[in-house]
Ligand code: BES
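One chain comes next, on its own, written out as structure tokens in the form predicted alone.
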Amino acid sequence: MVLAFRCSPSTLHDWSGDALAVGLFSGDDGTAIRAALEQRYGIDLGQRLERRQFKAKPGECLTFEFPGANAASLVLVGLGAAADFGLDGLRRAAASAARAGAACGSGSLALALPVDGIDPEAAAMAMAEAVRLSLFADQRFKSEPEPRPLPSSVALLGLPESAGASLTTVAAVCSGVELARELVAAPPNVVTPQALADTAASIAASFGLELQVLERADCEALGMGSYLAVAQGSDLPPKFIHLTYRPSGPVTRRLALVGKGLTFDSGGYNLKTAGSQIEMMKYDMGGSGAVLGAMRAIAELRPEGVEVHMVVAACDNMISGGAIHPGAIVTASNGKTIEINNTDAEGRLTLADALVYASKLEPDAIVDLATLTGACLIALGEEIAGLWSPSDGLATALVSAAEQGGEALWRMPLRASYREGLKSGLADMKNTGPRPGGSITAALFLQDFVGPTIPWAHLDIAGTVWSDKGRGLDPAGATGFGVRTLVNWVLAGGMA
């Protein structure tokens, strides 16, 4: 998708183009705005709004057509109460305006949305990302894709031209989000462990990154018994992917991004049953989709001073005569033994060896992303991802990076006493604890495989990686959650 964005000093009176989208607050006559629109179009706007019962609720849109006029399509976008409006409201309004403007078949679109009290560069970036990401549609698997007229240029009214400096990163970040969405949405017969490795290879070739893909024998030589135990039931060979971005100048920070890469999760012998959404377990590689999308954006933006390593232990979790049995004991690459009391808690087994590998790179911080637990979805719903970290600095930096990108994180506790639930009578630990606090014990399990002095954070994105109906600037389906957070964090220097 090619969209040209610009910050424009033009006003409601003098902007020239195809479609003009204007935000209106609820419970506010909006006298100045309405007067400007009435003067431009020669209408009694109040009467028309009353007739169409427009309440200016958040996301509500109303379109008027004025054939032959300049800006022949007028889109009114509800903003809700002024007291509740901020950067997130601006994103949602821009997304609604973009969809309505595109539905008009407009080649050029202007957004006249309130930006008072919002940093101009942040406002410009938020609106531009919202427009592009809200217009994304994945039609790769349709025999006859639906025609979708899209605007080619978008003017952001009311912002100084200097605010356009922030727009230089929008295309790269959105390309990363779109890559993540396409990977997560694709069916499991398309996105396999090999396909993830091929995606990493494509990024490496396009942007000059380094790539190492470890095969099964390589992983065996490194003692990755935890990861390989999950992979052994599948006919598809596992692929352990290590993609590296190195800046052109001196390195002041080394960071590691680790993504869960289960391209399909049947549950193994603890088989997912009817009602467990087994057909949706293609999105169990949402963490790897996010880190691959982030690396694609980082590779294009080429931040200075920061070296970034991406690690994905990709495989399928399947049932066969060779699949791992419940009750089996395996040894991870750091020597810890694990009693597998549930083969459907497989993601943490693959992440265990991935985190050990990442720790050996001696990074200044590690962040892992995983669709890890249904417990996190129950706790935080579909709009907020869980964040676990023993590092206050890293947790704060990630929350800030998420807010900047319009993604929501909530820091959860790493309560040491909950480790009791992971104790095994035979091995060093079990891979699952009791049902209560399941997302916490999962995070505690992962912590045992991170170098003790390395700042580390775990993001459970089980609820946020997919949206059945769409929300905000995310269309229905894969959301690409996590890409913007990771890119913002890396661009800020990966503070911990």
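Keep in mind that this is a model prediction, so the values were computed, not measured. All residue numbers are counted from 1 along the displayed sequence.
Beyond the structure shown, there is the form predicted in complex with the named molecule, which is absent from this document and is the topic of what follows.
Of the candidate stretches 278-286, 177-185, 158-166, 80-88, only 278-286 has residues whose heavy atoms lie within 4.5 Å of the named molecule in the model of the complex. When the named molecule is considered in the model of the complex, residue 265 lines it closely, a heavy atom lying within 4.5 Å. In the model of the complex, none of the heavy atoms of residue 440 sits within 4.5 Å of a heavy atom of the named molecule. At the 4.5 Å threshold, heavy atoms of residue 373 reach the named molecule in the model of the complex. The named molecule is not drawn, but in the model of the complex it has no heavy atom within 4.5 Å of residue 309. Contact annotation: of the candidates 124, 255, 345, 110, the single residue with a non-hydrogen atom within 4.5 angstroms of the named molecule in the model of the complex is 345. Contact annotation: of the candidates 213, 72, 377, 318, the single residue with a non-hydrogen atom within 4.5 angstroms of the named molecule in the model of the complex is 377. Taking the named molecule as it sits in the model of the complex, the stretch 419-440 comes within 4.5 angstroms of it through a non-hydrogen atom at just one residue, 432.
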